[in-house]
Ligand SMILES: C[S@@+](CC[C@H](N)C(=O)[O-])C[C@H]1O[C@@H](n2cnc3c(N)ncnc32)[C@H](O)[C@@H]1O
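Taking the form predicted on its own, here's one chain by itself in structure tokens.
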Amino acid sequence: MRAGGTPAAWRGDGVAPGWEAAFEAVPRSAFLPDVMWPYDMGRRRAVTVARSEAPESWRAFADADVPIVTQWDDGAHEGTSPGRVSTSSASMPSVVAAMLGDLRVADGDRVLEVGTGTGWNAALLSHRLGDDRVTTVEVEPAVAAAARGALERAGYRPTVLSGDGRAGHAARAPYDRVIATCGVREIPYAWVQQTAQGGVVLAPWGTHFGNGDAVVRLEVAGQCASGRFTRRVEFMKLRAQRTAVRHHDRVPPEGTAAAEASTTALTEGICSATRAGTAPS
């Protein structure tokens, strides 16, 4: 039996056409661990919630439109208190729904997901497209194993692999859609190479200057991919593209108030003319 009954309270108009049945049939709660760390909007921090100790609170957070950390410190964290760096999570349901809408899948599409996490997103894709059309890659073997177990218990059996998602998975290419559920600082070209002509690569992209991302939707044509940003998000970063130096570690507590400021007499027109070789001497 497949679990069902995703709560509708958070959804509003956020589920794109064609995805309603998947969200009705596949609850996020079926993919969450007994001990988890949801983000408490009131306290503005992650809190520990154990199903055995507070089942009602666990259920309320599982059904809420909040992100939930499911792993700290690449699995090295011990105990039930929050760890130092969150490294795997269940995204906000509204964000999951929005990105699946941006993906614009069609019946019969083959999808590669980079960042299996809990397995919930893979289950939604499998419900919509079928198990044989979905491949998902997770860098952390323990996380991949847990997701595979949760997927099987829910009645889904997509191809779940453990490895560096930066390389995609060429053996099952080409894909009509590639979706990353982790933030990237550059789009791995392997994803473009493994996407069919006219296919789409969808990923949260950002810079090393902050944790924020923007979802970029790239359409593949020839050997290139181009497109536009669709929405602002924030995701944990692709393991291979994380940096030990974080911008906010280098910024003073007072932020930009203590920064130096300067101005220039150059205008956009002058710069454009210079690039074209027509600037006045």
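Quick note: we count residues from 1 along the sequence shown, nothing fancier. Just so you know, these numbers come straight off a predicted model, no measurement behind them.
Below: the form predicted together with this ligand, not depicted.
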Review point. Say this ligand is put on the shown chain the way it sits in the model of the complex, by superposing the C-alphas near its site; is the site then open or blocked (3+ ligand atoms within 2.4 Å of backbone or C-beta)?
Key: open
Check your understanding: Is it true that G119, T181 and M236 each have at least one non-hydrogen atom within 4.5 Å of this ligand in the model of the complex?
Key -> yes
Check your understanding: In terms of non-hydrogen atoms within 4.5 angstroms, which of the given stretches 102-110, 193-201, 127-135, 89-97 touches this ligand in the model of the complex?
Key -> 89-97
Review point. Any of the heavy atoms of R166 lying within 4.5 Å of this ligand in the model of the complex?
Key: yes
Practice item. Consider V139 of the chain shown here, and say whether it contacts this ligand in the model of the complex, taking contact as heavy atoms within 4.5 Å. Key: yes
Exercise for review: Answer for V114 alone: is it within 4.5 Å of this ligand in the model of the complex, judged on heavy atom distances?
Suggested key: yes
Practice item. Would you check, heavy atoms only and a 4.5 Å threshold, whether V143 touches this ligand in the model of the complex? Key: yes
